[in-house]
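Below you will find one chain, with nothing else, as structure tokens; this is the form predicted on its own, and questions on how it binds or moves follow later.
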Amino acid sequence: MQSPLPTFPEQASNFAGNVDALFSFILMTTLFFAVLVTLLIIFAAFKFRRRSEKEVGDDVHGNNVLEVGWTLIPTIIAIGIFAWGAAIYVNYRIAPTDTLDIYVVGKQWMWKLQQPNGRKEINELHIPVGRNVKLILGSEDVIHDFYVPAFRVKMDVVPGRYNTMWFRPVKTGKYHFFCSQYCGTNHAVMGGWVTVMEPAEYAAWLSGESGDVNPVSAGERLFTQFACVTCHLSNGTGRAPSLNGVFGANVLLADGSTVVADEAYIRESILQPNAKIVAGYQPVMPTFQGLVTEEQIGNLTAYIKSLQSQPVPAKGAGIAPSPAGKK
């Protein structure tokens, strides 16, 4: 049970324990040296004080052991803190492959969230306990920041690009999330609640009647509505590369470089199609900047993700060959 005056928020995710341990180490180390230096100053002030006006201080030329000690010890501690923090950060930034992907859009002054089956939420997020969850974050206006203190995770939500973050809730309950980046006059009320449920309870909630369209189906309709099907032919014979099997693959570009076809790449290709031209194709795709919302981009991305398991045509997919010995 949490104490009436908790030192930290409740630990409710896989990252919380490691983050708190690192923070506690930094805090205790800082306090230790602060107390040590203070006591040494007080001791020196009394021990070496001038007792009469005729006393002359000793001519001190330094101490090599002392100099090396107070240089080497803090250096070792600082490197250790850096390595510890870097290990936590790398784990936080590299999401597992088995995540439950949820789209989040920040907008003055609310959060819009969409579950994988299309169910939408406003300032609410329902997730199952013990499951790896990845949030794909975008903004419709200004910079926001999605922060869940109990999970010890936060990420900037920047207009014009996607950011992602992942976590694994370890206990059921209701946890506050909010925007931690000042975003306007009503910034303080831009928050909501994460409800962590047992898997069976979450499945029952997810299957409830919501009236929302599955994002894959919505994306497929948009794909037809915007005439994407006229160029991105599945057999690879169109004026644009086939999208079968593209998501998550390395795409070969016209300049000889490669790029991973993730959410950010798909988003950029929709809004700035000339930024990265696929090898073997001409820059004929028009921009959809201002024509599609963040929610529609999420639906289109979900549809392209659904093509990941489709057979890749012999040519026209734009996928770079895998290095020898790798898949």
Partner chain sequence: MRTEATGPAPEMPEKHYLNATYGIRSWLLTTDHKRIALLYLASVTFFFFIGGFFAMMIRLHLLTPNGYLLTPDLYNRMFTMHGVTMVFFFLIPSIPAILGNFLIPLMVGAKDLAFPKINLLSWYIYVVGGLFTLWSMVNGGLDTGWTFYTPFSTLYSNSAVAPAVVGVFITGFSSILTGLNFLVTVHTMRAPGMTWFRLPLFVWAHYATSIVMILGTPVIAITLGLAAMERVFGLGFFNPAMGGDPILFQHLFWFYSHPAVYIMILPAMGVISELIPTFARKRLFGYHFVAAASLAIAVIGFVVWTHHMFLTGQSTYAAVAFSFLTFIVAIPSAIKTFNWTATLFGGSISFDTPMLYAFGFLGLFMIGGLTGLFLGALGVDINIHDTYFVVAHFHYIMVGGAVMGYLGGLHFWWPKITGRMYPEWLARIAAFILFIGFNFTFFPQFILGIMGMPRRYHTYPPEFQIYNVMSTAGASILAIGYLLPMVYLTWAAFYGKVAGDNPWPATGLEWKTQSPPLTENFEVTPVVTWEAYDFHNRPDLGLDVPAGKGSPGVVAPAHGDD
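Positions refer to the first chain, counted from 1. Please read all numbers here as calculations on a predicted model, not as lab measurements.
The form predicted together with its partner chain is left out here; the points below concern that form.
*Asks:* Would you check, heavy atoms only and a 4.5 Å threshold, whether Asp141 touches its partner chain in the predicted bound form?
*Replies:* Yes, Asp141 lies within 4.5 Å of its partner chain in the predicted bound form.
*Asks:* Determine whether any heavy atom of Val104 comes within 4.5 Å of a heavy atom of its partner chain in the predicted bound form, and answer yes or no.
*Replies:* Judged by the heavy-atom cut-off of 4.5 Å, Val104 is well away from its partner chain in the predicted bound form.
*Asks:* Does the 4.5 Å heavy atom contact test between His176 and its partner chain in the predicted bound form come out positive?
*Replies:* Taking the distances in the predicted bound form, the answer for His176 is yes, it comes within 4.5 Å of its partner chain.
*Asks:* Hey, in the predicted bound form, does Leu206 get a heavy atom within 4.5 angstroms of its partner chain?
*Replies:* It does not: once its partner chain is placed as it appears in the predicted bound form, Leu206 has no heavy atom within 4.5 Å of it.
*Asks:* May I ask you to choose, among Val170, Ala254, Ile88, Met197, the residue with a heavy atom within 4.5 Å of its partner chain in the predicted bound form?
*Replies:* Exactly one residue meets the criterion: Ile88.
*Asks:* Just to confirm, with a 4.5 Å cut-off on non-hydrogen atoms, which of Thr293, Asn63, Asn274, Gln282 contacts its partner chain in the predicted bound form?
*Replies:* None of the other options qualify; the answer is Asn63.
*Asks:* Given that the partner is absent here, state which listed stretch (90 to 98, 234 to 242, 218 to 226, 126 to 134) has heavy atoms within 4.5 Å of its partner chain in the predicted bound form.
*Replies:* Careful reading of the contacts points to 90 to 98.
*Asks:* For a quick check, can you give me the residues of 153 to 187 that have a heavy atom within 4.5 Å of its partner chain in the predicted bound form?
*Replies:* Heavy-atom contacts within 4.5 Å come from Val153, Lys154, Met155, Asp156, Val158, Pro159, Gly160, Arg161, Asn163, His176, Phe178, Cys179, Ser180, Gln181, Tyr182, Cys183, Gly184, Thr185, Asn186, His187.
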